[in-house]
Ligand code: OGA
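The data below hold one chain only, encoded as structure tokens and taken in the form predicted on its own.
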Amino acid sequence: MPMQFRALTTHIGAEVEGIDLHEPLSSAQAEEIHAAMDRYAVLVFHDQPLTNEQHLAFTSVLGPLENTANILRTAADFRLPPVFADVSNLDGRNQPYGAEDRRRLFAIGNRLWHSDSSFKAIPAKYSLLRAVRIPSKGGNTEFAHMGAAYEALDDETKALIEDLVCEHSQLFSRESVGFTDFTPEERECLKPVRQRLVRTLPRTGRKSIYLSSHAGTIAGWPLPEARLLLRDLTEHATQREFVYSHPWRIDDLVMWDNRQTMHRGRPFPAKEARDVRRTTIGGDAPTVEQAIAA
């Protein structure tokens, strides 16, 4: 049975049928998935009870893995290999974090609209998130299509933002929700990097707004003016017409293109387990030469 893609909204997302992710992915199937990602930006695979090894194998066929270790997790916290981003709310004993746990408070920043690894000099390409355990309610992940949002801008705004460069850091996103508990070593690791505000997909030539809660300012702009423009663009880009909200089921695997989407997690009962595991495919190159940020 060939793969079939069923659109979930007008602008973003498709459910994929006709593929078993336990089986090795052929080069033809990989190309179909890349083409579908270009078109839909988010792909949903239901009923895929994968092991970590199978999840990694599927990811690896699509591109090189990014190392996604969380700087706040200690060796005792590691439930997964370092090529996984453990975006669960569980500690090394598989217990939910306490209400005041520093790791839980840091992770609340994931409820802001963001793009994975935009705070790295070479930002991520795809993310692949798999649900192992889900809470009784809440915990949806929402995705917004930045290409459709760009195309809906007026010509004056497109001209204004075309050549702008933003500075991205997890310091910006976490401090915006009141989390400031960083060590000097962590602050050193989280120094801002620069990213273009408008990106172009290399395979299609389609432009998108490269937004993220990690974007704290615009190079060469006064800070208040920069943050207001970024806020206005985010409000525009996350209108309901551009958004798909995914209600998780166990054994779902959802993959998305960080170059043309933002996403955010939604609240869920803090005392319940939410075990979701992410692999990330690294990007090809910086969006802007980092030497100019020195």
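On a predicted model such as this, the values are computed, not experimentally measured, just so you know. All residue numbers refer to positions in the sequence shown, first residue = 1.
Beyond what is shown, the protein has a form predicted together with the ligand; the following relates to that form.
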property: Contact flag, Val87 vs the ligand in the model of the complex, heavy atom cut 4.5 Å; result: yes
property: Contact test in the model of the complex: His11 vs the ligand, heavy atoms, 4.5 Å; result: no
property: Partner contact for Gly265 in the model of the complex: the ligand, 4.5 angstroms, heavy atom; result: yes
property: The ligand contact in the model of the complex: Leu129, any heavy atom under 4.5 Å; result: yes
property: The single option of Ser208, Thr141, Ser213, Ser118 touching the ligand in the model of the complex, heavy atom within 4.5 Å; result: Thr141
property: The unique member of Thr157, Asn110, Ser169, Thr217 whose heavy atoms fall within 4.5 Å of the ligand in the model of the complex; result: Asn110
property: Which of 257-265, 56-64, 30-38, 230-238 lines the interface with the ligand in the model of the complex (heavy atom within 4.5 Å); result: 257-265
